[in-house]
Every structure is written in structure tokens, then in C-alpha cells.
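One chain comes next, on its own, written out as C-alpha cells in the form predicted alone.
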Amino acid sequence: MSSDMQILSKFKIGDMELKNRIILAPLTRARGTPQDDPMDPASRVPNDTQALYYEQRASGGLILTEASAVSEEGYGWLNAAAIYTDDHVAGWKKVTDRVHAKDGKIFCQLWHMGRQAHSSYHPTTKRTVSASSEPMAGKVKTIDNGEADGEVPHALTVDEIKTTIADFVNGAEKSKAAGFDGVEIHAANGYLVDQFLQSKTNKRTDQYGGSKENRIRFLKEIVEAIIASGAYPASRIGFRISPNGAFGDMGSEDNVEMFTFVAKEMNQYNLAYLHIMDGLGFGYHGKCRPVTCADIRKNYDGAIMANVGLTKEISEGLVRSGACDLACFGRLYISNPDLPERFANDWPVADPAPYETWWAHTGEKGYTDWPVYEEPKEE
């Protein structure tokens, strides 16, 4: 048994005790039920297969859901989940009930895609939005499952920023109604909050752009508004950053300065955790040196969650060194639904799930059909 491993020890986030420090990463798997009409809202409602997927992985200390759009304008990924209507609440309630029945804890990741979406997903506004009118290089997915060049986004006005913050609050309130233990604000991977944080995408000259203090304002106001709403206290709100990532055509020369500043500024709220994608396996922009957990630790007193490319040994070393408190697993947790048990018992770990299983399929294939470990039968 490896029961003396730190990553298998309990950990407290505010008043909530996690049974271990192994976290299921938020993974967009696009396993909503496909509809004949891609705009049919039913495709955005979590189904029984998704509920089983999360239930299978409930032995981790905390489950983070796939990114869930907080509004129509924040949506842009076919058959991905959302959290802005009562139907979404009903679908997610099935998930949280099954996770809680397994003594699991689960947070909903609140998502706005910003310029990574395509206007075909937004019949109400017929546009995409961002911090500034900087288009994303590369292709984006269209509603008919085709591809198009990244569009020139509409730069949100100050009033529209306030409306978007209200969308995040609504997402948090809907998460609470669905039975989630807390929420994670997706401020990573080149989505809308990240588009405000990074100098590459934020060319604004008002109170939301220019200085580090101005670029972080959107994130801070989302956090403050969720706390003020009463949906969740600070200790049930986490946030995710990706200072090293190239995904979504991101990466800025000043990311070391910016994201250590983000850590320092967000320290004041006593949040549940800061989730940093500090590994380079999801694409590295190379425009400045990588920002590590150790950099964040110097500027942040609360719980730190590491992510990308972790193994049992690497995560154990990070936790023992004090660089982080929680270890987030994605690809490895897809193919090993019983990952904490495998670590605890020194059972072999199945190879990470191959790329083509992540979101190309629908239904159970490559999703809920990964086996748990069975000890070989003695002859």
C-alpha cells in the first residue's frame, strides 16, 4: 500500500474536507445528446451517460466538471454542457446526486469562450465577443460542425461587461441549485477571462485594459459578484489560469509578471484554490519562461492545484515540496476511472487516453467504457 503518500491524504478547502488530493481535471468531452437541430437546447443538458462518467470517478478528492457555458454568447462547442437554464440545472442535478451518493465532491467550471466561439452559435447577437477586436489565428468550429477562420470579435462595452459578469453570477446560482459544492471560474486556455488577462488579446484603453490592475478587473469583479450574490462563499470558488499555454492562439511576453500579479491580487479573497496549468504538455507559447507552481507559491497563500502532465511520482514530489497542495489529472483519469485506488494500491495504471477518444465520439465509447483494475485471478 502507498497509504503514506501525501496525495492520498485528506485536505481541507475552507470548511470542506477532501478525502484525498487527487482531482479530476475539467475536460470538455462533448458527450451531450446530439440533436437533429444543433441549436436544440437539449444537446447542452447533461444526460445519464455523463452522470455515470462522473460517478465512476468520484473517488478523487474533488471532481471538476467539463467547462459549462454561462450564456448563449459564451457557448460555442457542439454537444458541450451549459449552466444557464433550469433544464441545465435538472441535468446537472443527476450528476451531483450520483457523485454525492459516492461520497464525492464536485465543482462546476463556469465558461465563456469569447473569441474562440463562432457567431453561428449565437443567433440572438450574431457575433462573438472579446476584450478587444483581436481575432484568433486558426480555425473555430461552426454550429454545423464545420470550420471557419476566427472572426473579428466585438470588443465588449463596459455595460456589456457588467451583463457578462451577471451571466457568471447566474451560472453560479444555477450551479448551487443543481447541488454543486462550488464553482471554478475558467480563466485559462484563451477563453474570455484569459482574453482580458493577457496583453496579447487585451488592447483596451479603459478601466479594463492596459495595466495589470486593469486587466485583472474583470476576473475580480466576477469573483466579487458571485460572493455578493450569496450563491457561494469565497471558500467554494476556485479559478484556473494557463500562463504557459498556446491553446486558443495565446501567450504574452509579460505573462510571468502578469500571472504572479494575478496570484498576489487574488490572494486577498481566501478562495478555495488557484488552479494553474503549469505543465507544458498542452502547448507552450515560448514567449517568456514558464510560470511554475513555485512562482505562484511565492505570491499565493491559499491552496494551489497543479495540472498538465502529472504522474503519481511528479505530483507526490510537488505536494511534498510544498509547491502545490492538489494534483489535477486529465488524460490519465479518463482511462483510469479508479485512479486514486490504483495509486493507493500500487496497481498498474493504464496508458493515458489517446487524443481521438477525447471528444470525437458521442455516447459511451471512449468515455464510460474504461475498466477499473481487477487483480489477476490466482490459478
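From a predicted model like this one, the values you see are computed outputs, not experimental measurements. For every residue, the number given is its place in the sequence shown, counted from 1.
Note that the form predicted in complex with a small molecule isn't included here; everything after this is about it.
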With the partner left out of view, is Pro26 within 4.5 angstroms of the small molecule in the model of the complex by any non-hydrogen atom?
-> yes
Hey, in the model of the complex, is Tyr367 touching the small molecule, heavy atoms inside 4.5 Å?
-> no
Report whether the minimum heavy atom distance between Val319 and the small molecule in the model of the complex is within 4.5 Å.
-> no
Phe11, heavy atom within 4.5 angstroms of the small molecule in the model of the complex = no
Proximity to the small molecule in the model of the complex, single hit among Gln198, Thr164, Ser130, Gln109 (heavy atom within 4.5 Å) | Gln109
Assert contact residue (the small molecule, in the model of the complex, non-hydrogen atom within 4.5 Å, options Gly302, Gly179, Gly309, Gly251) equals Gly309
Candidate site Asn189, Arg240 and Trp358: all three near the small molecule in the model of the complex by heavy atom within 4.5 Å | yes
In terms of non-hydrogen atoms within 4.5 angstroms, which of the given stretches 276-284, 114-122, 228-236, 93-101 touches the small molecule in the model of the complex?
-> 276-284
